[in-house]
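We've got the same protein chain twice here, in two forms, each standing alone as structure tokens: structure 1 and structure 2.
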Structure 1
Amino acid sequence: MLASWRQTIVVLLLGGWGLSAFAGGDAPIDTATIELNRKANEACYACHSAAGIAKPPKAGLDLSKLKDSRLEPPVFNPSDHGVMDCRECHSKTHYNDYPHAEAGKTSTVGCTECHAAKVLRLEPQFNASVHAKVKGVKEKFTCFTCHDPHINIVQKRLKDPAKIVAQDNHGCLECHNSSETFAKFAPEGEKTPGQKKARPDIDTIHDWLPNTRAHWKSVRCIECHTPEVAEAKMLSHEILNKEKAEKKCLTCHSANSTLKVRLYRHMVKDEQQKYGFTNSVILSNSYVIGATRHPLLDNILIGLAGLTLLGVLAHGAVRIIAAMGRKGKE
């Protein structure tokens, strides 16, 4: 079972590409391992799904509390954790019996169990984040606050910019566009001790930004609310407040748009320069100055401009020579 667990984690870290992955010195991981895990998960779906709640597998079960813990295979299976047995994170000790033991609610395995190196690298970034600096808020945050392990797909696998934007912005807007969710994390108001801080209206805060809602559909909040990290394999987890956030339009809307190394960084080079355009992948999704630049067309236009200038100079030279010839005859 331990070998199977290690193989599953490797499949997870490699984005689910189990057909050609190896777990150290273990046998290659094939689809059989994934299918075995998904077969085991069917016992979970027997309750934790719309069909399970409608028709419980066992008489007398109170499924009224499962409203917030429903999951469907078409949603979970494509996710990064969709290759795993649910019980790898939800302890077998507490989840093998029905109904589950009360202790099971607090026995979920933490992200550091599998992602220790990544968490170690990201923790200092989060500690510098606006979410960590506000009194009483840091303690309420976990990885799950922004990243849903049952749904999320890493950017490298998702690839489609529109899907990446929708997924990542959902994590931000779910709180900052919902007074109910915001209240769960909100600190006490500076001017109203004992009362939770009211959620600032995000449209008002972003009133300097033209077509705010259109931006949220085209780019992620973190494009402006995280610092740029040189040669980083992943974006920073240091969320910047409104004073430090990027407000220069040309940071994105220019030929050297930062979107190339952020939102579009996992698009292959050929795709970024499709048909010779400098930023073709951006051209089809966003308005970016210079995205329509094509080196061949540039050279042709420069050549035409050069020929035009040469023609004007030649025409002028001919007229001067002709005028001098007429004066000589007179």
Structure 2
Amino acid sequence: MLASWRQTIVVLLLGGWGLSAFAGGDAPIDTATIELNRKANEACYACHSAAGIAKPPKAGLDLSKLKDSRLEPPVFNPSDHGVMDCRECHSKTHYNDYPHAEAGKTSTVGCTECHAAKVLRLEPQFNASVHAKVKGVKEKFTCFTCHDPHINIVQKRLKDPAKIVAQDNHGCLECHNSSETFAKFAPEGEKTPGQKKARPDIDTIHDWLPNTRAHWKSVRCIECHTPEVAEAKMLSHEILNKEKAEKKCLTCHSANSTLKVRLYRHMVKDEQQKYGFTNSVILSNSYVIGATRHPLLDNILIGLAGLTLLGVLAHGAVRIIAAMGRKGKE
């Protein structure tokens, strides 16, 4: 509470003086600075990259601790923060040399420093999330639990829905589909005091959903696990629990699919009913039963069925009348 008041004041002050654009702000960065930053980062890639790990810059260095890292210029450069100098987030004083100073670990600049306004808006949602409510979990849950600041690319730049799904679901599945990572965050089990709660299998939890794997590839967890959202607005950061999560298939599987305002919200303005399909922007990536229909084809088939029914009924009626006529003559 106090913290967020302090933030408000900071935002107002910084905003008022237009100072949020200093090195710590999230204003666009000019090309010359980007070049400089990328050059500076090469010093880090000497060790922090697959090539560096394979061939350390100094003999006798053990870089095996870095082997799980996904850092690479082709991964970092296109990411949201790829224009920046690593040391804008990883303190300039502690990472210029190796071995890095121990203090570096605790001096990483938090998201708030540069994105105060966004954090201010998101924090109440974040605090209402399932993850912020469970003791033992909330202490460890931060913005970068889901957002890898070296890799993530914002939806409107990523564009391809398949890539957006892959990125956003990776954030959730990294934990919910890996017992190892889950155990690092999981609270104590109610029935097993002193022991971590076991990870429920993600496909078993959702066994009411047919072909879960097809769904994980084409929609995001947050499609169902966040509250209703207004058109063109970003989804909430409030992750809903199992009581409140969306279970109705028709939310997506109908002509008025919410996917339009969720996964496809950045594309929906380009909706042109391509080839005559409704929701054809969704069709660019997924055929969604009930949502991606062809009204003309539907009408033709309904018409044919109607005509056929009428045809046999008329034929039958004429047969009955004719038979009555023949009986009358006999």
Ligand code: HEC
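By convention here, residues take numbers in order along the sequence of structure 1, the first being 1. Quantities reported herein were computed from a predicted structural model and do not represent experimental measurements. Rigid core here is just the name for the largest C-alpha set that superposes within 1.5 Å across the two forms.
**Student:** Compare the two displayed forms of this chain and pick out the form predicted in complex with heme C.
**Tutor:** The chain shown as structure 2 is the form predicted in complex with heme C.
**Student:** Does Lys39 count as moved between structure 1 and structure 2, where moved means a C-alpha shift of 2 angstroms or more after fitting the rigid core?
**Tutor:** Shift at Lys39: below 2 Å after core fit.
**Student:** Could you check whether the CA atom of His48 moves 2 Å or more between structure 1 and structure 2, using the rigid core for the fit?
**Tutor:** No, the C-alpha moves less than 2 Å.
**Student:** Align on the rigid core first; then say whether the Cα of Leu61 has moved by at least 2 Å between structure 1 and structure 2.
**Tutor:** Shift of 2 Å or more: yes.
**Student:** After superposing on the rigid core, what is the C-alpha displacement of His315 between structure 1 and structure 2, in Å?
**Tutor:** So the C-alpha of this residue moves 15.7 Å.
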